[in-house]
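Only one chain is included here, represented as structure tokens and corresponding to the form predicted alone.
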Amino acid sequence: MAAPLPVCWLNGEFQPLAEARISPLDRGFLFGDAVYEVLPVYGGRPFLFVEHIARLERSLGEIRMRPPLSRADWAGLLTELVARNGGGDMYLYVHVSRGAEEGRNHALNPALAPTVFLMAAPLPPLDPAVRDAGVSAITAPDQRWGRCDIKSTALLANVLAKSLAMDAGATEAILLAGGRLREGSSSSVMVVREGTVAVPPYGPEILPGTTRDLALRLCARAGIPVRVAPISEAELRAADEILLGFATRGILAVTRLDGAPVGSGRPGPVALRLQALFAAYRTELAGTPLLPA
């Protein structure tokens, strides 16, 4: 993974990332009492800005924090961060913790000033051969906490699941619970059967996915049928196609699951069509304002 870009923003100040410091008593460090977002940037423009900031605001509300900045302020800061790091394509990391206090205390303190940290990094390169051949995935039990709909920085279970996938030479771990599909360790999961894209309904066990939501909107535009309903493990394994949605990599096709081929063992027609629709949508948004007038 490429090193982050040199300029960050921390608590009101642009500064060199190498010099940024927070207190060891910050609640994000001590308790994982923080939420975050990751936004891709194409041609200097943050992609799906409103959707990502809306999800950040939702996560903050669920942990009883007020947004520290308005959407207009976020737009200005993120745009300037992109420019200070040279523009072009990258991704942005947005981190908001409840802040630091004088000791370690489980109880919430509404008087704390939040810690707000923004950084940028190069988008992970995607080998064209990977897009052409698809990726492999494994299944794993979902051992995360009960509020996965909050984009919390407390990601240890996700990290361990991703490590299982890496150990198996796979790209992603697809999480299962009670015989049903949930999501990937760092992605949304969509299943295609007989031309219909199926996704599990949102709930406390699944993070609302900005890439998944866009994929479903693009399906509606293109006349691709969509079904939102619980998906069994058997349905997952019998799928014609399995698609992963990543903020920084778009849509990738899973062509092997637990060592067995998915469908033909190559990216299927729905994956290829959605990848083309994503590329066209990025072009469509180029030069448009981040916030509606």
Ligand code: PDD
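The model shown is predicted, which means the values in this text are computed figures rather than measured ones. Numbers follow the displayed sequence, beginning with 1.
What follows is about the form predicted in complex with the ligand, which we do not show.
For S232, is any heavy atom within 4.5 Å of the ligand in the predicted bound form, or not? Contact check for S232: no, nothing within 4.5 Å of the ligand in the predicted bound form.
Indicate whether S97 is a 4.5 Å heavy atom neighbour of the ligand in the predicted bound form. No - in the predicted bound form, heavy atoms of S97 and the ligand never come within 4.5 Å of each other.
May I ask you to check whether H52 falls inside a 4.5 Å heavy atom distance of the ligand in the predicted bound form? Contact with the ligand, yes.
Mark V197 yes when one of its heavy atoms lies within 4.5 Å of a heavy atom of the ligand in the predicted bound form, and no otherwise. Contact with the ligand, no.
Counting only heavy atoms and a 4.5 Å cut-off, does the ligand in the predicted bound form sit next to every one of N11, F31 and P114? Looking in the predicted bound form, the three residues N11, F31 and P114 all stay beyond 4.5 Å of the ligand (heavy atoms).
In the predicted bound form, the one of N85, T171, T139, T210 near the ligand [non-hydrogen atom within 4.5 angstroms]: Looking at the other structure, the residue within range turns out to be T210.
Please name which of the stretches 58-66, 241-249, 261-269, 224-232 has residues with heavy atoms lying within 4.5 Å of the ligand in the predicted bound form. Selected range: 241-249.
Across 143-181, which residues bring a heavy atom to within 4.5 Å of the ligand in the predicted bound form? In sequence order, R144, K151, N158 come within 4.5 Å of the partner.
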